[in-house]
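Just one chain is shown here, as structure tokens, and it is the form predicted alone.
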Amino acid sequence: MTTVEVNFDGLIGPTHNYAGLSIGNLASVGHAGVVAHPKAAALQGLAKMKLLLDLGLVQGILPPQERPAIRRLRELGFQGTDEAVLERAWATDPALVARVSSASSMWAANAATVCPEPDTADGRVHITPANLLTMPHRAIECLETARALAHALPDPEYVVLHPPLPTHADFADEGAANHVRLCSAHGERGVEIFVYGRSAYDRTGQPVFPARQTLQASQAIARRAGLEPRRTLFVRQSPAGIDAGAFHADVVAVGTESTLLFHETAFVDKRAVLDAIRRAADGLFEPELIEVPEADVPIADAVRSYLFNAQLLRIPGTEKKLLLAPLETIEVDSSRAFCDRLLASGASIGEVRHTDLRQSMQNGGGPACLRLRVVLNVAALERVNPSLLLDQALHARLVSWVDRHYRDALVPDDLGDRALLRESREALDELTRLLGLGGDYYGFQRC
């Protein structure tokens, strides 16, 4: 049966701003307080989606979440009308308002971990929404994420949508940003690689910056899916890489089919990791393991350029893979030179393209951050909610929607503006009609 990889991208929301909330994310912290451009951000994200659509790939959409999240402010004791709640919270605790106004759900790589049907015990796709509990502004996402995924993939015959893991630090989970699947082809059995930053039971060798994924969370996700133990790996991300700004594994490694592109400092005990990958793949495929040495691309340049936070794609009808990287990759000398050598090396990556995601990048999210990969067979694909699959007409409607509703510029001090609350809700209310989500999708629509 034919199997395809669907990229579900997060649609960037109208409160996109730079509040510097993400400790360990150097771009986020470094751009704190600068002027953000929500309209440009959303249009850049839509342009990337359209590029993949034009290349013949199946492109899905996950809607932005309701922000500011007034419900969280009410949970914390603020009372009155929604406008009054916002004003009182802003007067009392602007930092809290920033946390409930983040548009960070745009980074769909953190939405969930997806284990495709060729690898699971029951032959269904298993999805666990990430609890994202390490960062307060992200921990409020998981229930809305689960709702979005249930709308996009509604048929339990083909997809098992698990609840998020328990909201305890032992089970901190950051989703697909710490998960790589290698295989000969998407529809064949593969090797699932879970990358964790720390064990809940062993605090030795902890990085200074937060290690957001635990071994115990990754193991629980694998158990839920019934993955074959000998084809499932749990490898630790290098603490030095985390402290250099690689807050997720997808900042230092990217893989698809049999190819893994990774930085020399990506993993603890690199040699053992590579040997384990080869053993796990034995009898299924020959892994192509492409290491980028520190001497060629220093880890600081890897983080600055987001060379690894690219989408590694198989374009229909092509023999070589495409690396879709951010513009920053050609602006950093070492990453640009490496890409030139890669294309001349005879590796399976035969093309590098660049896409402008400057607004997302300044908050620490490149092409890979913006998408959740879901491998589906044809029967399962037919059950996907068609209103959440991009086509040319929907792209045009969404561009028009963004042009009408999004602000050109936004600074953190705007987050307490009741007009922004009203504008955001008007935009999301119309979006539910554009995407066929119904008139009660968002919480404010159910009041």
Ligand code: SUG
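The shown structure was predicted, so the numbers you read here are calculated from the model rather than taken from an experiment. Note that residue numbering follows the sequence shown and begins at 1.
Although it is not shown, the form predicted in complex with this ligand is what the next lines describe.
- The closest non-hydrogen atom of S22 lies within 4.5 Å of this ligand in the predicted complex.
- For P116, no non-hydrogen atom is located within 4.5 Å of this ligand in the predicted complex, even though that partner is not displayed.
- Within this chain, V251 lines the site of this ligand in the predicted complex, having a heavy atom no more than 4.5 Å away.
- By the criterion of a heavy atom within 4.5 Å, R212 is counted among the residues contacting this ligand in the predicted complex.
- Proximity of S28, N110 and N363 to this ligand in the predicted complex is complete: all three residues have a non-hydrogen atom within 4.5 angstroms.
- Note that among 290 to 298, 258 to 266, 134 to 142, 71 to 79, the stretch whose heavy atoms approach this ligand to within 4.5 Å in the predicted complex is 134 to 142.
- Just one of A177, V303, V125, A310 comes within 4.5 Å of this ligand in the predicted complex, counting any heavy atom, and that one is A177.
- Only one of V191, C369, A217, A130 lies close to this ligand in the predicted complex, with a heavy atom inside 4.5 Å, and it is C369.
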